[in-house]
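The data below hold one chain only, encoded as structure tokens and taken in the form predicted on its own.
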């Protein structure tokens, strides 16, 4: 880590430990842009693990931050007290452009709709996909330049996830980067730089409508043919989804696009950064490639690509000694839970042979546990098997992080590969 980055982290730690608790705003995009947010979560876990943020900390009002591992599990596994409706982010649904999706539903509707798409990640389907994933990764890595700086996010992480999404949707392959764009748009904050803040609602609705128009054409093709194994066909023929109105169809599309894009894409990039920053762990992995599955789980914990999920209290309840009122918003900070030193030993260290490496909360818990977690792990495992077959090192020379408190990811990551094996 460069000296200026170390100075910024030291300054962030000092500020995080000295400002009044009431002034800590974990939704401040600067903390995510410059990667100084962990210091603030460390303090909240120590001093106020169930913390009420005032209305001025978020454009949609006050909310609770839950930052300890066990408290997060308690919230995530009690869907009767902590509802996923009406939204799983701190943003409230737009009045004129709601996007219902099954991750933001409670049983029984959630269960019925999730069950429709579950076969896409069945063990048998993953076995079918594995050779295709490997061929695509081999091709992508073989085309990378040697001795030149390039953007790993664009050339590898975005490209591989766009290809995978196109396959899962049976989406026109030449248009696959549209899926990446729609995913980015769906999660971009109004002040992220992607939008005109004053026209956010209008611009967001226009982009999402373009997405719906494109996918409606695909729905119309699939609904009039025999059911197939792609996600659109599953939705078009599924008993619980075939009568969805257009906005609900769009909402579920966005859920599946973001779920298949942001998470895997940012962990692919995060794995390169983690091993660059921890050369001793990279050496350990090179010496024992059998550690790749453990390293994959450790990367998912260390990165935590979706930083939080929101719930809404359905009744008055006490949590961590605090009285949460019916209707209050509750943010479960998976990112913080994955750094909880009372549950995870040496949580800020990246350890490729960590015992019980899969004991993390990046995939969530309970009925909303990540649908595609095994597919994400499979893609990362194959990626690193093929990287170790080709490149003795990948050096990160610069990066830009996504300005978001929801997606913990990378906008760009410039790397250089000195040589091939």
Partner chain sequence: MVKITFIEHSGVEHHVEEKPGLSVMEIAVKHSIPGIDADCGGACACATCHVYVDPAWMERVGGCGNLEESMLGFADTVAPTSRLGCQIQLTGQLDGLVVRLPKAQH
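Numbering follows the first chain given and starts at 1. Just so it is clear, the model here is predicted, and its values are computed rather than measured.
Only in words, not in the display: the form predicted together with its partner chain, which the text now covers.
- Partner contacts here mean any heavy atom within 4.5 Å of its partner chain in the model of the complex, and among 311-319, 107-115, 166-174, 198-206 they occur only in 107-115.
- Its partner chain is not drawn, but in the model of the complex it has a heavy atom within 4.5 Å of residue 122.
- Proximity of residue 68 to its partner chain in the model of the complex: non-hydrogen atoms within 4.5 Å are absent; the residue sits far from the partner.
- At the 4.5 Å threshold, heavy atoms of residue 79 reach its partner chain in the model of the complex.
- Its partner chain is not drawn, but in the model of the complex it has a heavy atom within 4.5 Å of residue 366.
- Contact with its partner chain in the model of the complex, judged by any heavy atom within 4.5 Å, is made by just one of 44, 371, 27, 387: 371.
- When you look in the model of the complex, the only residue of 359, 33, 381, 58 with a non-hydrogen atom within 4.5 Å of its partner chain is 359.
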